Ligand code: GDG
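Presented as structure tokens, the chain that follows is alone, the form predicted alone.
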């Protein structure tokens, strides 16, 4: 069996015997541990010059990272990847910018990754790249003569052609992406947006089963909704020491907890969510003194001005809403701008009567799935989910809301807190069944099988 070579922007800081987080890290680490392989990506360090670090071995896995120079970091990461691609992929084109020099830096770093990795690749290795940082990576490897099977999975959404074409380098990007043999998406909507571009604007020919003939190659596309380890999440939520910690945290809150956990990002709809909670407090005064809304929002990309601005805005809004509605013995909104480990979050999910997951656009959103998995099946909470999250395609028995509709979200919060136990159980059971069918293991195995299948 050939090795699996995983390539991502960052490499998880794993240790032998250490538990891993959800999503990408957990999914690929299981495969690497079973079969052995290589994980390559940026070290996270910005140094004087871009250069590879020494390899490190953890069990059957070889970890190989590379430092980025300040110029490469600014052009590739802060610039094109997060200043241009991220807003476009999330339909936030008004927040994006474009500089050809930054796109050149993006291509330069994709080339740098390829040049560093290529000498370590064996002829029968299977190469699996991840996410929007590496759209040109397969093209860079092909230029070096590699003929391996290479696939990429997009954890982000993929927009409709008209949105993606607002990025001036869109044609170069898509041509480069077609160096991959398999391109995986979270939902059929995402896949359709990409294939429509190939057919309408790149003279592609649909061949059936997700394959397209384009640029003198056959590129296969597929839908692979990423999942979670359902039983593992529930076990973390129910571990006695974790439960005691969650119970202590709940002692300082009201009897009804609405919980949200998001990376601090404008795509997550946090400002709209705060406004909807304010509307909930105004429209449903009977809930005053009974409900706490806790928003956990760890900072991200804190050296980018857009993210600094949203942090300031949310801090101001939290203070204003509490100033308007708080009582001596009741603070309705608790805004925590820091991260918490999984042994704290999972039991907190289990404690919450409702979870607000209302991104303006999201590839999948694993918080939604982890919340469902953490719940007690006999007395589950209610998931309030944006219809623009990829997870809404699967978790359609959640309370689906439009994140731009303050009144609709406010009504959904009130409904969630008053929903009868039988209805809560029915909705939860339906979601849990889908999540078991589309587990993290199935996501990984289906993609790897299709990439190997040719």
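Positions refer to the first chain, counted from 1. As the structure is a computational prediction, the values presented were derived from the model and not from experiment.
Quick note: we don't show the form predicted in complex with GDP-alpha-D-glucose (GDG), though the next part is all about it.
In summary, the region of this chain contacting GDP-alpha-D-glucose (GDG) in the predicted complex, judged by heavy atoms within 4.5 Å and restricted to 365-373, 196-204, 321-329, 95-103, corresponds to 365-373. Although the partner is absent here, residue 261 sits close enough that one of its heavy atoms falls within 4.5 Å of GDP-alpha-D-glucose (GDG) in the predicted complex. In the predicted complex, GDP-alpha-D-glucose (GDG) stays beyond 4.5 Å of every heavy atom belonging to residue 274. GDP-alpha-D-glucose (GDG) is not drawn, but in the predicted complex it has a heavy atom within 4.5 Å of residue 341.
GDP-alpha-D-glucose (GDG) in the predicted complex is approached by residue 298, whose closest heavy atom lies within 4.5 angstroms of it. Note on the partner interface in the predicted complex: the residue among 138, 270, 109, 226 having a heavy atom within 4.5 angstroms of GDP-alpha-D-glucose (GDG) is 226. Screening 346, 212, 382, 129 for any heavy atom within 4.5 Å of GDP-alpha-D-glucose (GDG) in the predicted complex leaves a single hit, 346. Three-residue candidate spot 86, 155 and 186; every residue lies within 4.5 angstroms of GDP-alpha-D-glucose (GDG) in the predicted complex by at least one non-hydrogen atom.
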